[in-house]
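As a starting point, one isolated chain is supplied in structure tokens, in the form predicted on its own.
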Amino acid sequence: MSGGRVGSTSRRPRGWPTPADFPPPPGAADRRRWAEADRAARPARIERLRARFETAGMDAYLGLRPEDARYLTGVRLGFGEEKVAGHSGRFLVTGETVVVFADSRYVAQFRTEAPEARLEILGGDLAGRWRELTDGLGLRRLAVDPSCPIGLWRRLTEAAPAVELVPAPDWLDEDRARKEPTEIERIAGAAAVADRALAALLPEIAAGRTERELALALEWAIRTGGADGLAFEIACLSGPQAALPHGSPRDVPIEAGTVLLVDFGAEVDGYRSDMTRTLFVGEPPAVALERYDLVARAQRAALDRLEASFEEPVPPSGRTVDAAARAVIEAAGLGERFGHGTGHGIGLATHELPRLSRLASEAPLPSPTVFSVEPGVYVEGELGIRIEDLVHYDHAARRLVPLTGFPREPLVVGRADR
């Protein structure tokens, strides 16, 4: 990697953010405290789920997603591990029992992570044991995670025809959207790791470096800067490629006078961050600065709408906040260039409730919660601009706290005179 170590100060102009401007990574004491908070919170989380059974006429809930398993039971699957874990980490919550499924690879791990749960050891075939399990637990009507693959649904139905499977409402999504204090701490910790990583990368950004080189350097800064891993694969996109809201870095040199859109996040103790900054590599053209200002004003409009809600009896809907940001971009005649939503919730998953979009629920936003605010403008073949920050929103406490600390102002990097 050219340019010396990541974050070297020899080419860092005065006024640029530095890693030292942001909070340090969490320590072992923080992680012990968070683990204890989770253990203390799990019984109440499970009881909230069970309270829904009687109203819905259900005997139990079958959970499939790693984020729900961690939230309710404590078992931890690594990033992307659900693709190879089979049924391990899936779980059943009945009125009396929490059952966690595991094969031989996960038995010792899950016994340590979920000591209060009953561990059911499978040989890889949940359907083959399904009738025995449901009969033993006395289950006849079962709410199933709505993400259940149709193939698994059919196999379970065929294995135990007397057990009615019903798609569950978004019970756990709604519960996880309301964040506990230590959950917010971890998201903030992940955001600070990301802030420091991007600040460390700034001196390395220059025309001639490739998107892939910079993405790898940023990943290194995240992983060595206190994160347990990436929240998702890094998007580092320059020039016309930045018009892809989600894209992959290429082995293509970055040209002077173009934008560099960087979308990335860190994972700390299971919780994610997500931020996007659009940087200017060399002197930016006027149209890029104009569109950056437009996106910044749209983001400000969404934040202003959230702050105004503190004078109202209930929070606004995600649809209402999206409309505030979208109106600014539409007024500039670029509404069709903003196709995605204004924001999404974040926590144990990178994308979760609440949603801030044209298709979001008209119900009030949950509170307290954490979500992104990320309007953008994308012109195919030319450039894309997005600014994304995480905020902690608490309507009752009248708090709107930015968790992303990296400056929002336009930032020019890689200029020849620096």
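So that there is no doubt, residue numbering starts at 1 and follows the sequence shown. Since the structure is predicted, the reported quantities are computational estimates derived from the model, not experimental observations.
Unshown form predicted together with another copy of the chain; subsequent notes refer to it.
Looking at the partner-bound form in the predicted bound form, is Q109 within 4.5 Å of another copy of the chain by any heavy atom? Result yes; Q109 sits at the interface with another copy of the chain in the predicted bound form.
So in the predicted bound form, does E54 come within 4.5 Å of another copy of the chain, heavy atom to heavy atom? Taking the distances in the predicted bound form, the answer for E54 is no, it never comes within 4.5 Å of another copy of the chain.
4.5 Å heavy atom contact, A327 and another copy of the chain in the predicted bound form: Close contact is absent here: in the predicted bound form, A327 is far from another copy of the chain, nothing within 4.5 Å, heavy atoms only.
In the predicted bound form, P181 touching another copy of the chain (heavy atom, 4.5 Å): P181 lies outside the contact set for another copy of the chain.
Between another copy of the chain and G80, G151 and H351, in the predicted bound form, does every residue show a non-hydrogen atom at 4.5 Å or closer? Per the other structure, all of G80, G151 and H351 touch another copy of the chain.
Exactly one residue in G335, P253, P146, G257 has a non-hydrogen atom within 4.5 Å of another copy of the chain in the predicted bound form; which is it? Filtering the options by heavy-atom distance leaves P146.
Partner-contacting position among V287, V84, A162, A308 - heavy atom within 4.5 Å of another copy of the chain in the predicted bound form: Filtering the options by heavy-atom distance leaves V84.
Which of these stretches, 314-322, 91-99, 218-226, 294-302, has heavy atoms within 4.5 Å of another copy of the chain in the predicted bound form? Looking at the partner contacts, the answer comes out as 218-226.
Residues in 340-361 with any heavy atom within 4.5 Å of another copy of the chain in the predicted bound form: Going through 340-361 in order - heavy atoms within 4.5 Å of another copy of the chain in the predicted bound form - the hits are H340, H351, L359.
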